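Only one chain comes next, encoded as structure tokens, the form predicted on its own.
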């Protein structure tokens, strides 16, 4: 009888972590990410200083900014970072909350795994809990808000900025936020659509944060192309041109043979005539301001200046789109077809020095559907952090208007969800009941973290919160400044519904995906080869290839 030879599926140098070891590694890596940002949560959260390899410094407590800057190698940890990025893209705020919940869900799952509850049972229970959370948030906790309710929208904006670098000027900035969002909101059949890309945020070092201002139009970080042009134009007629104001090159290769000075002069005169004709076309259309996306020839600059037309060149495509929306202009790609109807209008276009740089202000637009905000601050780090906070505030006000629903902050929704999940767990039965209860415990970490970051006793705080919610006070939340449990609606701590629904959903999905991986395989080959490594029995699509099984290094 012949001896059977063993079949080697993996090469000798391939690393592989299986079963509980793989799950432990993945859970520990994901927990570490949650712990890294946990101290930044809430108004009393601390900041992180991030230093990159070039020595550039970022000081922030914005969860997604911290995680983007951190040097994270472990594949499971990267999946938790994706939770923060998704939260940022969808809502703009609540990134730290989402990551902290994801980390705690995995920590709670670890306890269940130690009790021999199968990962798929935990995953199933988590999915049921997440679905129940969505129903409770939408049907029981959320309250209506509309675009005319400026007071509530300002509270939403202030809540997003509390605890960040912009907090000192949050009254000023929240007013700018609501005005800017209302300017660009588009009415649709069943509500409003808000695209925050139509709000241009320009930041300049200098002055105080309170000096930040909203411009009913656009700021372009460009200066006029010729000193002879006017620096200010009233009742501006604006031509947006996407083609260069230069002598066009031929599509085919051609040679011109010049044999005498007269021929050269004729050639130069012809070029000059062509440019003069282009400028004449612009003048005849009635335009007195030209914003060109491409270049403007020196001779054309001279003629434009002679005609008293203010022109800038090499404007960004995104600025051209915003200008078209703000001024009502059409972007012109053929100068021969420019007409009066293509021009946009603005009450005033002026060049102005801001912190030593010349910028073009297009203001007093009649119905600007695109606006600009000039953010100021004492130092570069301050301006950067204020801009991040302002962008978050813009997004949360936008989603509050789009969804028409808001919830209280101060961990009130999380405590209420935890209470209702425990009641729901009894009806689930089986081992899934344990997972639903663990989900409830994970949500309460938000209250405990807010208390810890404010120097309060987390157990006493949680007991007080539970007591208030059990007596039917759904708006009871933690005031981190006084340490008391108060009515959060009265305190004006308000968040969009989508901050909570998205955070719970994405945290649950990431936790379930990590839990279902029981095999991490990496090879020494190229990333393409490693990417084809098969997943474990429980893994959806397999573990990410080309990554080490153990926990990666984090900065």
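Computed from a predicted structure; not experimentally measured. Positions refer to the first chain, counted from 1.
The same protein has a further form, the form predicted in complex with a small molecule, not shown here; the description that follows concerns it.
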Query - Selected contact from 450, 476, 312, 209, since only one has a non-hydrogen atom within 4.5 angstroms of the small molecule in the predicted bound form - result: 450
**Report entry** Proximity to the small molecule in the predicted bound form, single hit among 493, 510, 497, 517 (heavy atom within 4.5 Å)
**Finding:** 493
Query raised in the report: So which of 65-73, 22-30, 35-43, 48-56 is the stretch with heavy atoms within 4.5 Å of the small molecule in the predicted bound form?
Result: 35-43
Query raised in the report: Might residue 103 be said to contact the small molecule in the predicted bound form, defining contact as any heavy atom within 4.5 Å?
Result: no
Query - Partner contact for residue 164 in the predicted bound form: the small molecule, 4.5 angstroms, heavy atom - result: yes
Query raised in the report: Does the small molecule get within 4.5 angstroms of any non-hydrogen atom of residue 480 in the predicted bound form?
Result: yes
Query raised in the report: Is residue 157 close to the small molecule in the predicted bound form, meaning a heavy atom pair under 4.5 Å apart or at it?
Result: no
